[in-house]
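Quick setup: the structure tokens below cover two forms of a single protein chain, split into structure 1 and structure 2.
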Structure 1
Amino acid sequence: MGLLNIFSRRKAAEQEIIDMAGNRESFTGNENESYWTIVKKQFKKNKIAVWSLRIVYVFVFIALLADFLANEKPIAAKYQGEVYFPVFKEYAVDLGISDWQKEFINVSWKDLDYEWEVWPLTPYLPKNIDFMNTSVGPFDEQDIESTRWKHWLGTDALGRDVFAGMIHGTRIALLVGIVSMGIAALIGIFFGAIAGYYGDDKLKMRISTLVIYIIGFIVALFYGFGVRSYALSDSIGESFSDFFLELLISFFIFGAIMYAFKLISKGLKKLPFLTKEVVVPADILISRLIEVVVSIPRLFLIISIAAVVAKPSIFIVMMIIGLTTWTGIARFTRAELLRVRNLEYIEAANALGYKELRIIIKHALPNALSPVLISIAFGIASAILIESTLSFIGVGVPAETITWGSLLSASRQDSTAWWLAIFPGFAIFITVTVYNLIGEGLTDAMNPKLKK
């Protein structure tokens, strides 16, 4: 296998590499399907998994349209001769494009005299308090004007609508799953890829480069996060978007400084001293880090951090869950890349002189993605479970945020309210089961033994 030959056909070789990696781009031949097509086919054969996926779609649908399903404002209404769309209007006001008309500021939407109106499925927000109906069950007689105002799943001890809480809770549950697993996947894939691809022998550096990188890392940490610690902690108190912005600025500073030091290290390569190459045992270092994180009891850690945070917020809970659950993903990625890195197509890519970053992202990682996907599916289930546990025992999630867990915990005080125990618990159960089933389905679909 002449390497020179490969050099001469760079483009063609690249295609070959991608095919060898079993990437999405499939052969033109009809017999050889790409890996993902096979996975999809296998997954579709699993009826239970497919149905689980459909249930997730329904949850996503509910979460996206929560404002239209449960809201104190009508979706559309004709009021004093004009037609309004208050729910849409609220989005505009939140975005800062528009302002409420005078007549709608501080009004009780329920009591306005509409000519006609279209109400959401349940005309309440989770926070709305109905003094006339506290702790009423779905089948109890409710003190309401018409069935329009019925509390379909009852109310809690304060008179808040359970159905509305369930709908808006869906949004929080799904968000917790997605955001925390997104964070976990980023960290996990990053560390896993480095540990797996470089192993203990491949990451070679000059001593000068290594020293420069270590100094650069400390400096970048100092200017990116150390100096800005007050800006960051102040913004947590403000809002999530402020915090996110500050965090982005911090990461940008961090990256810029690291890049500057990279340029310095390149310049230093011309110098004659400190040229000896050392091997950085990336795998040992990262495996040790994973071991440390894994050996900390997760629930204990999350509860201690959540209790320490000055201003509890659901986003902080998501971040903590993400920051503590990346180890599973990192382990899978590492194991897959350790396997892949010695395969011929990676060697070929190396021989072609591609940059390592490109090899890792474009050639090695796509192959490692399948176990990561499985791990994410299970991870979402456990993240939702952790969040509902936290709100059930009342740690970390602010009291005014209504989640499935907090609804369920309300049933402990209110011993007659069976509806507070059944509905939220069932919702948690279904969501967790469905994500677990999808994880199972993916595992089966990707198991090479089943592939014919």
Structure 2
Amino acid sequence: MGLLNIFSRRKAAEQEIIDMAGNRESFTGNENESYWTIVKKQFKKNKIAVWSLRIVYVFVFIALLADFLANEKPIAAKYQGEVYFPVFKEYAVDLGISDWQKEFINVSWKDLDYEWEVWPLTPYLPKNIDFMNTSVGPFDEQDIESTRWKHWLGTDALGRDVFAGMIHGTRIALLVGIVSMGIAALIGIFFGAIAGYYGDDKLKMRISTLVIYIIGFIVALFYGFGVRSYALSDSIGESFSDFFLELLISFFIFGAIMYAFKLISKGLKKLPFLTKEVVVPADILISRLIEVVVSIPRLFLIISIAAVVAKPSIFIVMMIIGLTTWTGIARFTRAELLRVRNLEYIEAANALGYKELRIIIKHALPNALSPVLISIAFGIASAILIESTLSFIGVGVPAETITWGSLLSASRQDSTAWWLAIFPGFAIFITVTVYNLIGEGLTDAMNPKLKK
């Protein structure tokens, strides 16, 4: 009975902690509504932000279905009595789970004699070259067989379809924004949480543990990423799936080495002269690191790193942007954790003897991410703008990769090709603007002082 009472009291105390955490910023009279429900309602009151979010949904739709909207292959076709789905087949071939039939290897899909076929909105890929229609505008006369093959937004100097480039460029723009800010969020939240929760006096470690972890980190970084740098760079040139697999292997090696050094540190705990604890000033160290990164001009740093990469890749651009834009997120997270760590439910969790990692992840961080989401929204817009700038000046992004920035850069070669400047420039402007408006909408919705 005694154990049962202790267990029930512990569960009740934990529930009280969760209730205090969930209601800490309630700013309406309805106690049944959660904080995020209220934020959602307040966000919907901002019509401009709502419409901006809907425009983002349209961009996401275009990005997901880019291969079905602009492709040199038909979506579905009947050829020689067989029904084929070439676009779906291409996905399987890219994943390595299937191969093209012999009759479809190095074939011109446009010239095949189909019984029936369903073509995408525009039957071109961004890399396709139409030698008969170079530098033609959307309203110029085009040398085409029928309206189906019309270049609706014109072509560049090589004869590549601008409409296809805009559609596939949408996927790249969103990928750059989301992936790069995902990387930045992971790094920023980690460093910000450590600096904010522990401060300069709460993180205590044994001398043996501290020394072993430092040595282990250096060794793990060297063998996990330094030794495998050639494998990682070569995989980037192959495909994203190969690079992701190699990256997972590197992280596995890194984690395995760190775990081995953790076991070594446990063995050294038995040595009496190494059991003394020292205070690690986490806040000062991380704050100085943030100041060093911020002091370097971001665009100059990104251009410098991208310029020395052996094999340019859009994935390297994403990683570089993510690794250089985490400081703002870290600052917001640190500021919120400095405030949250002194609230009642955090003190109650400490009193119950919960591990600090659990307190940070389960109780502190979920109630400190509001400004981080706002920073991520603005960061996505900034990342898209940085990628467009790199593509425009031709740094870091492969020449064969068509992006909005590369299309805009092509307009410098021909000042009369207004369509090469108007369409990608407008797309960049709209995308950056709507993400900024979403960020402003989140700022208003998450500010309890502005609510009644």
Partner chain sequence: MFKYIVKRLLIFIPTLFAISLLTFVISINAPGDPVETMLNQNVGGDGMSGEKLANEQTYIDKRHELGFDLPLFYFSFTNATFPDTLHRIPKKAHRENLQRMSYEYGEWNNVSAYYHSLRAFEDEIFTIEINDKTSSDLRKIKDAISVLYINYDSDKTESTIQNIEFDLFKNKKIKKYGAKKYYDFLNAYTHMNLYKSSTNRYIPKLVWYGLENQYHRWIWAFVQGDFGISFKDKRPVSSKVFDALKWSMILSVLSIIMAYLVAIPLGVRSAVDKGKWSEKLITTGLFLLYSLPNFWVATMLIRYLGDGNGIGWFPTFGLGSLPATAPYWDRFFETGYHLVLPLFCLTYASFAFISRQMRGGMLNVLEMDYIRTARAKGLKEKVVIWKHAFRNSLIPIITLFASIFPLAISGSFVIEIIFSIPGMGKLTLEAIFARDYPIVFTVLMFTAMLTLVGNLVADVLYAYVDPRISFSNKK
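Reference numbering: structure 1, starting with residue 1. Since this is a predicted model, take the numbers as computed values, not measurements. We call the rigid core whatever largest set of C-alpha positions still superposes within 1.5 Å between the two forms.
Novice: Eyeball the pair and call it: which is the form predicted alone?
Specialist: The form predicted alone is the one given as structure 2; the other form is structure 1.
Novice: Would you say residue 229 moves its Cα by 2 Å or more between structures 1 and 2, aligning on the core?
Specialist: Passes the 2 Å threshold, so yes.
Novice: Hey, does residue 375 budge by 2 Å or more at the Cα between structures 1 and 2 once the core is superposed?
Specialist: Not so; residue 375 is displaced by less than 2 Å.
Novice: Rigid core aligned, does the Cα position of residue 254 differ by 2 Å or more between structures 1 and 2?
Specialist: Passes the 2 Å threshold, so yes.
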